[in-house]
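The data below hold one chain only, encoded as structure tokens and taken in the form predicted on its own.
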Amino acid sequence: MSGIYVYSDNFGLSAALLSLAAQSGEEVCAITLDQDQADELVNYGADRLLVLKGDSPRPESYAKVIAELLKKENAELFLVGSTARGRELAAKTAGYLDCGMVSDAASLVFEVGKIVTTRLMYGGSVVQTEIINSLTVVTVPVGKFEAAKNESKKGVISSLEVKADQRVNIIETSPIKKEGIDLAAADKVVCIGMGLDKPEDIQIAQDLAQVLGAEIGCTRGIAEERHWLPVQSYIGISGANVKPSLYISMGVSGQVQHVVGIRDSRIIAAVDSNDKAPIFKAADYGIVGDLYEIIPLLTEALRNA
């Protein structure tokens, strides 16, 4: 038996990877630790859905088990969602398999006898192309591919009793308090940058976002240096990747690390006082001027439209 195997602890990402893998024409098998997730994934392109039944809730504890399964079934590719736990599982599985690994692939193209992947390097300034012709582990970040239901195809669910690697134990857990929404799923985004003077000025962006029905994002400096918004709100190469129908930035200089996270947006509009700001090279529309004058005027015009 051979084919493509898919795993992600994020349901939406798992569904997207299954839809992607189904384009190959090869047999596709989804691996999950969650019976409920398997029940929901049956119509997203998988021929089989394998539920691993073990005594650990941590996916990385099953890296060796999954590696042995992939070897046994002569797998061609292991696609893993690039979440925190997914990256851990992918790296360990590749280590047990002693095979190649492509991290955070931006695209995958299935060709006869090979798979062509691309990924960004050096802060997004270089696109690296890699050709896969043997078993390889590939991680894919959220937002790169769309999930597509196929009601005419229903995967077969089975389960497998497995033993987790217990060499690492959790002594204590402390939940991370998450705020806001999933920016990767937002249709419109208003993004604030270091051009804002004080945290109270975020209200200007919120007023515009309310009129547009948009979500608020920010640059890394706003979240990690000034702590004005939660870290889940920052957009860029190490933050969220967005692809809304409309992205509006205000006071964002547009360094390459940020532009990598917005390059898939359908329309990019920018407002900044510096006419040489890099954001204007990425923007479809740009206004050079004071955001404190322009954004309220734009908000009012949209209210009256």
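The numbering used is simple: start at 1 and walk along the sequence shown. Keep in mind the model is a prediction, meaning the values are calculated, not measured. Think of the rigid core as the biggest set of C-alphas that the two forms share within 1.5 Å after superposition.
There is also a form predicted together with a small molecule; it is not shown, and the following applies to it.
- Proximity to the small molecule in the model of the complex, taken as heavy atoms within 4.5 Å, picks out 248-256 from the listed stretches 248-256, 51-59, 25-33, 38-46.
- Note on contacts: among Ile268, Val242, Ala277, Ala63, the single residue with a heavy atom within 4.5 Å of the small molecule in the model of the complex is Ala277.
- Residue-level contacts in the model of the complex: of Val142, Met194, Ala106, Leu135, one residue has a heavy atom within 4.5 Å of the small molecule, and it is Met194.
- For the three marked residues, Ala67, Phe78 and Thr93, no heavy atom of any sits within 4.5 Å of the small molecule in the model of the complex.
- When contacts are judged by a 4.5 Å heavy atom cut-off, Asp284 does not count as touching the small molecule in the model of the complex.
- Contact check for Ala16: every heavy atom lies farther than 4.5 Å from the small molecule in the model of the complex.
- With a 4.5 Å cutoff on heavy atoms, Val190 does not count as touching the small molecule in the model of the complex; it lies far away.
- Within 4.5 Å of some heavy atom of the small molecule in the model of the complex lies at least one heavy atom of Ile235.
- After superposing the rigid core, the C-alpha of Val138 moves by less than 2 Å between this form and the one not shown.
- With the core held fixed between this form and the one not shown, Lys53 has its Cα displaced by under 2 Å.
- Relative to the superposed rigid core, the position of the CA of Ala22 differs between this form and the one not shown by less than 2 Å.
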